[in-house]
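Before any questions on binding or motion, here is one chain by itself as structure tokens, the form predicted on its own.
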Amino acid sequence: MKKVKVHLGKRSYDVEIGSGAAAKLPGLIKKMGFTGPVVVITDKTVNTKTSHITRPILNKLKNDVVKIVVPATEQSKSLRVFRDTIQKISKKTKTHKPLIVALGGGVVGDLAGFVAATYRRGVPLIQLPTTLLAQVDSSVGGKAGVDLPEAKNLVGAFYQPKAVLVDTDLLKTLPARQIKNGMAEVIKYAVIKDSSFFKFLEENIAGAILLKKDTMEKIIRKCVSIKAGIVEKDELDDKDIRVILNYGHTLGHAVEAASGYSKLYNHGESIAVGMILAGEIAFRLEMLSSKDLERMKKLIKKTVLPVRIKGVSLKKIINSCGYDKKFIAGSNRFVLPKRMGSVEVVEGIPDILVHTVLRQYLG
């Protein structure tokens, strides 16, 4: 079992990574001294696919356990589902302050995190991520929230978990598309912070997709370590440090929102396209070499992630861009690569350039 510590003073916590990490949940809750009800928020797919692993663990809890199951779609990150979840928790736990366990991918983690941050002005949270994307990215760092129809994550909060248990056995319950979904965020970490990690991915991507144990544990540990280091310096995303984690997300989120959060694009697929678009903008601004842009495209193609936008209109993408939280005083803001392992935040990129690049990769 590998451990990465997120150092945030009184809000510090451990991320435990490895086979069987989920089994630590009962001992962790006992160590916390928490005796109240435990509310497990999960989705229908995760509830079914992971029950052979999670049911015996939950049965070992001395606490009363309440399970709330939401739909297994991006639409669960909505104000309606948030409200319904809060109401169910209130009815089930009544006078007791619960502990929330987020059992699922990024959608469940964001929803459960926002519930924990807001219910009774804050209750304890443990993240138990089941997807590769959540294990390498969204379960660490404390960002939580829900989407509005206009754009992703417009309503949210920063709320750190008490612990994150990354059980690599849960990856075996995932369909191939979900593994590829998570690999987009993995590639993001290599581009923004570690050129040697990018080279490692180029050489080991096939083993990663096949969930080779040693390869996946190294990948997850590397990504979590990178994110922990960034979050420790800029927990609340107000020092222009954490913003680099948004590489690929400005236009990627716009594509995802423009698709109506449908099955057409999952989060990782939209971020893969977003990274290519940001890379192309950087190339046209003479920030990034054509060689590094092609390396990025090649690695994303090897992961069988999209490098072009299909089935979404340019008009809808541009409209979604206008709601992006990364705008500053009305000016757009992009994280652009300079080379593998290094990015720069650039503001005020001409709309004509952004639109030209979008057209280039449309269809």
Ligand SMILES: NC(=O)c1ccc[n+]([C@@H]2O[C@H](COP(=O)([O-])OP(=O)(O)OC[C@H]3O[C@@H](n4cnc5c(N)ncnc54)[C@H](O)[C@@H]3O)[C@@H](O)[C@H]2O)c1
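Between two forms, the rigid core is the largest collection of C-alphas that superpose within 1.5 Å. Computed from a predicted structure; not experimentally measured. In case it trips you up, residue 1 is the first one in the sequence shown, and so on.
Separately, the form predicted in complex with this ligand exists; it is not shown, and the next lines address it.
Exactly one listed residue, out of Asn63, Asn319, Asn332, Thr45, brings a non-hydrogen atom to within 4.5 Å of this ligand in the predicted complex: Thr45. For the options Val101, Ala254, Ile219, Leu133, the one in contact with this ligand in the predicted complex, meaning a heavy atom within 4.5 Å, is Leu133. Although the partner is absent from this view, Ser138 contacts this ligand in the predicted complex, with a non-hydrogen atom inside 4.5 angstroms.
Shown alone here, Glu74 lies within 4.5 Å of this ligand in the predicted complex, counting heavy atoms only. At least one heavy atom of Pro175 is located within 4.5 Å of this ligand in the predicted complex. In the predicted complex, Ser270 stays away from this ligand, with no heavy atom inside 4.5 Å. Heavy atoms of every residue among Gly105, Lys152 and Leu170 are located within 4.5 Å of this ligand in the predicted complex. Partner contacts here mean any heavy atom within 4.5 Å of this ligand in the predicted complex, and among 22-30, 305-313, 45-53, 332-340 they occur only in 45-53. With the core superposed, His267 shows a C-alpha displacement of at least 2 Å between the shown form and the other one.
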